[in-house]
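So this first bit is one chain, no partners, the form predicted on its own, shown in structure tokens.
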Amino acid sequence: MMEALAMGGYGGYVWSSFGLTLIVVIICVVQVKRRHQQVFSDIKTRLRAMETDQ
């Protein structure tokens, strides 16, 4: 098992690359969700403003 994780001496590089990639993907997903909520909230606000103007 340890030999498989060591990956011929390159395990540190490989696993740190996987870890960094996972962190970046998680950050991207969180940013997209936050931006979606902001845009959705902005649309709601604009719709309410248009309804009260009429």
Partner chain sequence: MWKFLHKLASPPHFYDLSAKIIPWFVVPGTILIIYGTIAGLFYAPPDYQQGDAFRIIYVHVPAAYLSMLAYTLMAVSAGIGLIWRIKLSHAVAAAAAPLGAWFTFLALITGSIWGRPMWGTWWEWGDPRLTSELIMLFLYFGYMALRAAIDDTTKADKASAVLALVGAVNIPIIHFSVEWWSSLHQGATIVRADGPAMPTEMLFPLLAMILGFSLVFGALLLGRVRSEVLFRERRSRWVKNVVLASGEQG
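Quantities reported herein were computed from a predicted structural model and do not represent experimental measurements. Residue numbers count along the first chain shown, from 1.
From this point on, the text means the form predicted together with the partner chain, which you will not see here.
Peer 1: Does any heavy atom of residue 49 come within 4.5 Å of a heavy atom of the partner chain in the predicted bound form?
Peer 2: The answer is no: residue 49 has no heavy atom within 4.5 Å of the partner chain.
Peer 1: Heavy atoms within 4.5 Å of the partner chain in the predicted bound form is the criterion; list the residues of 18-47 that meet it.
Peer 2: 18, 20, 21, 24, 25, 27, 28, 29, 31, 32, 35, 36, 37, 39, 40, 43, 44, 46, 47, in sequence order.
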